[in-house]
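Here you get one chain, nothing else, as structure tokens; it is the form predicted on its own.
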């Protein structure tokens, strides 16, 4: 099999005589180590390697994918791609527009202090068993899981315009979970619901406080058994960063994807309430809302130096002082609309084409401490860690559930409640943003499970955020 280092020569020999062609190599190595109730579970390892080639010829575009990296395999893939280019020449979406050539050359690597491979499997299993012991502290704990998920993604993009981009990203996603049962009630508490994934090596575990978190996860799972059900009513809502993760993702990230605005996702994942004429003038939220697209943070889950079409990554304001500034659209969507976008054309694998995806979409910190936000609330609730979500096809009306709630009464955190939920409308929810936490409340979070596209593509996304306070939110409980 040809490796990434040899691809350039094979690419030059295999590429046909066409207007433009690209080759995108992807190797995705993934390993998980899972201990459940102290017992080592089947721990899957995968090593997925292949390439996607694309051809522009005669006004049409075609692409094909193959796991065969030999010259014969690449020639066959290019032949199929060229055939599709010929078939689409008369009906190409971008027939009247042009996409700038990719001539960039560069490299990106995740900074790693302690590589995953330098820690033995035995040491990993020992650590996870010790954490399960700290979770299994009471007979009412009926399930406990400690898990590590490591991934290393290597990509290389070659173009006939002279582009050559190589990237190596290493990811660590730790997870803890404790499920408690008593008196007919079952409650689960997790370590951020897999939200503490970051780029880096084994040092990520210390950075996010993974080892120290187990006793608190177990204690809160038990605490929820005796907690009253969340009351219903309109009240102020203080969201922890591990819930802001989902709030940003669903009601800012997905609605602003430019291909979705153009209707590309309507058959599968829905449309959006956002339209092209809103950019530059629409009040998306209160003046406290500042959101940036930033794939350049080295520790964040979805960081990279270049997107999968070779566009250099940079930090860009998406919402500034509450006003919508630009969409999340890569070069193809930018060419279709004439709008400025971002470097976010991303593919989940070698057998998927790049499409518009959020990467690191972050809410910038404000100037309120956690204590100041709590003290400002007469009647409210503090919510942590998402456990359920629902949002309509236009990414407008939503309903989210959390693992844990705590009432705020007369400026103090009081009763812990279970099964808290809240609902809202994206158009108005963000305009009721009353306070944004300062850097002391800010946490770098992310999710490994953002799905989109036909066929489906699952990618990593990052969402860093402070705690945030919203006014006049409909909060309610669920019976369990």
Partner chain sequence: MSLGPINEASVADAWNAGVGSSPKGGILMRDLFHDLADQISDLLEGNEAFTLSYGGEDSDFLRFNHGEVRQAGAVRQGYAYLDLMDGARHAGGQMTLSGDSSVDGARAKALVKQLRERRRFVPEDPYLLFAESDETRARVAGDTVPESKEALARIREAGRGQDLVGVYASGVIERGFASSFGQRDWHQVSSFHLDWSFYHRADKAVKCDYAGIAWDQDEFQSKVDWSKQQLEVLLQPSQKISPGRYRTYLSPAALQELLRLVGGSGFSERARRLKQTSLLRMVDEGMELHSSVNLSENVADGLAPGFQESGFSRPDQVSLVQGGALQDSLVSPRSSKEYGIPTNGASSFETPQALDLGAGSLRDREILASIDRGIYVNNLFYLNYSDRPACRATGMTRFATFWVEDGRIQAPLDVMRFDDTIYRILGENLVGLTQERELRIEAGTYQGRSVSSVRLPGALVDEFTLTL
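Numbering follows the first chain given and starts at 1. These numbers come from a predicted model, not from an experiment.
The next section is about a form of this same protein that is not shown, the form predicted together with the partner chain.
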| Ok, 43, 438, 428, 414: which has a heavy atom sitting within 4.5 Å of the partner chain in the predicted complex? | 43
| remark: From 280, 233, 122, 338: within 4.5 Å of the partner chain in the predicted complex by heavy atoms is 122
| request: From the candidate stretches 369 to 377, 354 to 362, 101 to 109, 157 to 165, select the single one in contact with the partner chain in the predicted complex, where contact means a heavy atom within 4.5 Å. | output: 354 to 362
| task | Answer with yes or no whether residue 442 is in contact with the partner chain in the predicted complex, where contact means some heavy atom within 4.5 Å. | result | no
| Contact label in the predicted complex: residue 137 to the partner chain, heavy atom within 4.5 Å | no
| query | Using 4.5 Å between non-hydrogen atoms, is residue 198 touching the partner chain in the predicted complex? | reply | no
| field | 4.5 Å heavy atom contact, residue 67 to the partner chain in the predicted complex | value | yes
| query | With the partner left out here, if you bring back the partner chain in the predicted complex, are 88, 393 and 457 all within 4.5 Å of it by some heavy atom? | reply | yes
| field | Residues within stretch 256 to 279 having a non-hydrogen atom within 4.5 Å of the partner chain in the predicted complex | value | 262, 263, 264, 265, 266, 267, 268, 269, 270, 271
